[in-house]
Ligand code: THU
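So this first bit is one chain, no partners, the form predicted alone, shown in structure tokens.
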Amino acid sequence: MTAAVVPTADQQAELVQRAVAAMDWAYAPYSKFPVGAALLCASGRIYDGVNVENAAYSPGVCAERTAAFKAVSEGEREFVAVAVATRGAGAPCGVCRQVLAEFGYGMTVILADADSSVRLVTTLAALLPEAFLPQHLV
């Protein structure tokens, strides 16, 4: 695991702004709970994501995983930080935590409300202690 890189205050503010803006693109006709995410990679690029629901429920995907899969599909392999914006500043689900851990277990996680107020800045390791990581497959 590489050492955690803490994003600057300006980077954190940009991530929050982009995550809140992404909420407008969410497809959440069933839960009515739009989620936006903005993921900062070690390359400096930011990938956004939204939750996409489905009438069959299980085929849906969370905003954090959308951003992560976009980043990976563009060749990124090291995540630095993610901002997640929801009404009430909700935290990533367990599946999203596990997916993010694959590429940045020490990454910064910023939880923001839809009005851009930050509720919590923490690390993924704090949200997912004892994660199952690639080195466990040895």
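Just count from 1 along the sequence shown to find any residue number. Everything numeric here is computed off the predicted structure, so don't read it as measured data.
The form predicted in complex with ligand THU exists for this protein as well; it is not shown, and the discussion that follows is about that form.
(request) Report the stretch among 88 to 96, 102 to 110, 38 to 46, 70 to 78 that approaches ligand THU in the predicted bound form to within 4.5 Å, counting heavy atoms only. (result) Within 4.5 Å of the partner lies stretch 88 to 96.
(message) My question is simply whether residue 83 lines the interface with ligand THU in the predicted bound form - judged by any non-hydrogen atom within 4.5 Å.
(response) Residue-level check for residue 83: no, no contact with ligand THU.
(request) Give, in sequence order, every residue of 29 to 46 that has a heavy atom within 4.5 Å of ligand THU in the predicted bound form, or say none if there are no such residues. (result) Residues within 4.5 Å: 31, 33, 35.
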